[in-house]
Structures are given as C-alpha cells and as structure tokens.
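For reference, the chain that follows is the form predicted alone, supplied as structure tokens.
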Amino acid sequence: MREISCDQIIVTVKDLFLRANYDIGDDILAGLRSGLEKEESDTGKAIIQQIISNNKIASTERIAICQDTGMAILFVKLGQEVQITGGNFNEAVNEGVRQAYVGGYLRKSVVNEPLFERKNTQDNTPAIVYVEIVPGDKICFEVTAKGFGSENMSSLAMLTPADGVEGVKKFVVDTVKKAGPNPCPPVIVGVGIGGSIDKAAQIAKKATLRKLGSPHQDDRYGLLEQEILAEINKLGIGPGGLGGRTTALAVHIEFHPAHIASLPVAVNICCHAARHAAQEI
C-alpha cells in the first residue's frame, strides 16, 4: 500500500482549480486559432481574436478567464493500493476547492439548497465528485470548473434503438441550435450515449474534458463526431452568437453499454472558457 495524505490531496485540488480558472489549455487555444483561420465572418473573426487575447491576459495576470468561475466537478481515478491518511478523502477534496475559491478570489456560485432558501455556501463547496477505483497506487484528478451559462443549455433524451445514428445526430444538432448564443459559442459539445439516464449525463460531461484534436478511438464514433460538428457549424450561430461558421470547436462522444430497450443520449455543452486541468499524485 502507498500512503497519500489528505494534505497532499488538498494542495493538489487547490492547484488544479486555480490552474483551470487562470490557464486555458493549449488544445483550446489551438482550436480557437484553427477556428479563426476557417471563420468567414469578420465579426466572428474579431470575437475569436478577442477571446484569444483575453485568455492570454488571464494567464499572464493570474485572473479568472471568465467571471463565472464554475461549479467544482472532479473525475477521480483512485488506485486500489492507495491508503488515504490524515483525514477524510471527501473533506480533503472540498477543502482544496474551498482554498482555491476563497484564496484565489474566484466567484462563489454554489447554493446549499436549490429551490427555497438558495443560500450561498460562500466557498463554492460542496464539489461534485465521481470516483472510479482502478489498479495501482496513484490518484489521478481530472477537474472542471463548469460554467452554467453552457450547462443550462445541456439536454438529455431517452431515444429508442430504432432512432439509430440519425436520431442521435438530430438530437445533438437540435440541442445546439436551440441553445443559440446562450452558451457563449464557440462551444465544445460532449455527447454521452448509452448506459442509463444518469450514466449518459456523466459521460457527456466527461467527454467535454477530452483534449481537442483527439478523435474517438473507435473510427465509427470518430466519424460521427466530425459529421455532427460539420452540421453544427452549418447552423450559422457563430462566435458569440453573432453569425459565422465557428459555432463549435469540437464534438466529443463517449459511450457505455446500454439496455436492449434503450438509447439514452445526453448532450453537455461547454463554452469556449473550458476550464479543466488534470494531475496525478
């Protein structure tokens, strides 16, 4: 067994959420530059150029990429040969989030109860944590500070197997079309296919974290990603919703085994401020 202390977890989680909010990934910047080259709208080009400039300022001056610094969501691969010492794993994760958002002067956007009181927790906790037990003696943290302008535009459908590929394509494109300018395009579109109603939503969000420029390893799904992306970029929504060909930077699909009677499909939309980071300890 390898011991990993809660103090290590706190420091790691804190660093990841600060990094996610200050530094846009190189893959996102590359996607924006590629979109700039393809964009035909002068307004669309100007918006993408401004986004790239803003991202550079955020990184240099260590300020948030966007005023919505997101809800803390973590995908954790926990090695089965790891022993957590010095406290409780979940409490350590939330302490790391707390220190990042309070000490980093990031906006606190979580309310403790969603319907009646809606009282702000003042530290952006609790985080949403998905833990997968894997072989090994390490912990891999992959985090996203998910903004809710885009999250609110996400959708889920319980399709039937008879709907097939065309049904999936139509649902994804229609979801982006309905969202219009609201999720701050250009966007990244995560699609979860299969599993159950909850699993489809989980893997759709996980799909938004995949590096741009890395197609699905299954060529059939990789081709489907490109087909859907092309259809989305024909919608004319464009950067900032002001018209153009760069509505989405990427479509990422993940799938999970499903019941013979079902075809769940979830679409999770992520804005161009795709705040995510990963680290292994």
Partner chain sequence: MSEHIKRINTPLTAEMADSLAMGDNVLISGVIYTARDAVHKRFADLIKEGKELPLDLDGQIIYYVGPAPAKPGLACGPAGPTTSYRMDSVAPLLLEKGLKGMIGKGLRSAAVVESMKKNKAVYFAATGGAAALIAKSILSVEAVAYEELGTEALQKMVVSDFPAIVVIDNKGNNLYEQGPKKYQS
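This structure is a prediction, so every number in the text was calculated from the model and none was measured. Numbering follows the first chain given and starts at 1.
Form predicted together with its partner chain: not shown, discussed below.
_Stretch from 51-59, 252-260, 216-224, 26-34 whose residues place a heavy atom within 4.5 Å of its partner chain in the predicted complex_ = This holds for exactly one stretch, 51-59.
*Kindly indicate whether 105, 149 and 243 are, all three, within 4.5 angstroms of its partner chain in the predicted complex, using heavy atoms.*
Looking in the predicted complex, the three residues 105, 149 and 243 all sit within 4.5 Å of its partner chain (heavy atoms).
*Just to confirm, residue 202 within 4.5 Å of its partner chain in the predicted complex by heavy atoms?*
Close contact is absent here: in the predicted complex, residue 202 is far from its partner chain, nothing within 4.5 Å, heavy atoms only.
*Would you please decide whether residue 184 lies within 4.5 angstroms of its partner chain in the predicted complex, comparing each non-hydrogen atom pair?*
Judged by the heavy-atom cut-off of 4.5 Å, residue 184 is in contact with its partner chain in the predicted complex.
*asked:* Is residue 47 near its partner chain? Define near as a heavy atom within 4.5 Å, in the predicted complex.
replied: Judged by the heavy-atom cut-off of 4.5 Å, residue 47 is in contact with its partner chain in the predicted complex.
*asked:* Within 4.5 Å, heavy atoms only: does residue 65 come near its partner chain in the predicted complex?
replied: So residue 65 counts as contacting its partner chain.
*Work out which of 153, 92, 139, 193 lies within 4.5 Å of its partner chain in the predicted complex, going by heavy atoms.*
The residue from 153, 92, 139, 193 that makes the contact is 153.
*Scan 252-274 and write down, in order along the chain, each residue with a heavy atom lying within 4.5 Å of its partner chain in the predicted complex.*
Heavy-atom contacts to its partner chain in the predicted complex: only 272.
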